[in-house]
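Quick setup: one chain, the form predicted alone, written in structure tokens, and binding and motion questions come after.
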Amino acid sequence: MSKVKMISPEVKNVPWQEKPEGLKGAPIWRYSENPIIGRNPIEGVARIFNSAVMPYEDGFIGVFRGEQTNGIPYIYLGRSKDAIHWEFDSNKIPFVDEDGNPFMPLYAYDPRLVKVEDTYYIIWCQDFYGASIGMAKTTDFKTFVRLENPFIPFNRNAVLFPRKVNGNFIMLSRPSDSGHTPFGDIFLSESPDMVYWGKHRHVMGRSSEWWESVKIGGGAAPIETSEGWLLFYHGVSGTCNGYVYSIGGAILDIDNPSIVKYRCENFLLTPEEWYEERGFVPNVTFPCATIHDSVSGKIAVYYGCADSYVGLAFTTVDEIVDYIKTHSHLTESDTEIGRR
């Protein structure tokens, strides 16, 4: 039994591989059969990456960034019995408006998938006269109704919390500019109805650590634990040959998640394997989802690799929380409520 408790449903069939013997100091270990999704997975789709999955019925379901051969990204639905081997719908998800009319975004990428109460929400990045956040909801993965865009441009990396906090929906985002901006902090916003968003708070910014010295952004949906909200996020560094995306970890206050309780100064995972270093966009590890079992404490982390593949890594809630707390380094902007 875990010392740290995850407040979430039991997932008996969580994908898992034991930590390799002799692996020292690393709180996360990669699946030995990575990548789990290779190139050209669907006709007309060259690459799937930066995608989100979760338990559903007796198996798993996911929303996947499918980079079409014409270069335009859309979101595709996938299903799996073991969360490792996936079958994909051949057509992109058919979003509709509240009246049931087709309402497709011009493009959509980097989706997240989060269940709040009885509804599943898909959040992605799209064009709304500039880079912005799109959202949709479903209860059956058959009808997907697009919601109002939560923010004006420019914004990316939206991540919804899996339950309301103090009666409101909570979402992380990363305001930016119209391109691959050389800046970006994580902010938090609240909504009573998923339409009107406010109470914007700064959560945390880039740090002096090399791996997150340019910008940061949300990753997987936060996991509720007895220590606070466990957050896997991405940090970006700049090199003479472009950006490098690594995976970081933090723990947010359970009742006021704009306050950071612990923030790991070390990366949890950084590009080191061929499928992370070599691809359409090299040197990228980009977390988008976790599957976690509250009974065993097992956590499976899904991440995009080099904008070309999907990778899988593992940890336990005890090990990752202990590592984050042991290597925590906080600044004043982390620990204040984020309002000026």
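Source: prediction; values computed, not measured. Residue numbers here begin at 1 and follow the sequence given.
What comes next is about the form predicted together with a small molecule, which is not displayed.
Taking 4.5 Å between heavy atoms as the contact cutoff, choose which of D110, E227, D185, E190 touches the small molecule in the predicted complex. None of the other options qualify; the answer is D110.
Can you pick out, from R206, K261, R156, K92, the residue that has a heavy atom within 4.5 Å of the small molecule in the predicted complex? Looking at the other structure, the residue within range turns out to be R156.
Can you say which of 279-287, 293-301, 309-317, 28-36 gets within 4.5 Å of the small molecule in the predicted complex, counting heavy atoms only? Contact criterion met by 279-287 only.
Proximity of N50 to the small molecule in the predicted complex, heavy atoms at 4.5 Å: Heavy-atom contact with the small molecule at 4.5 Å: present for N50.
Test of understanding: in the predicted complex, would Y245 fall inside 4.5 Å of the small molecule by heavy atoms? Yes, Y245 is a contact residue.
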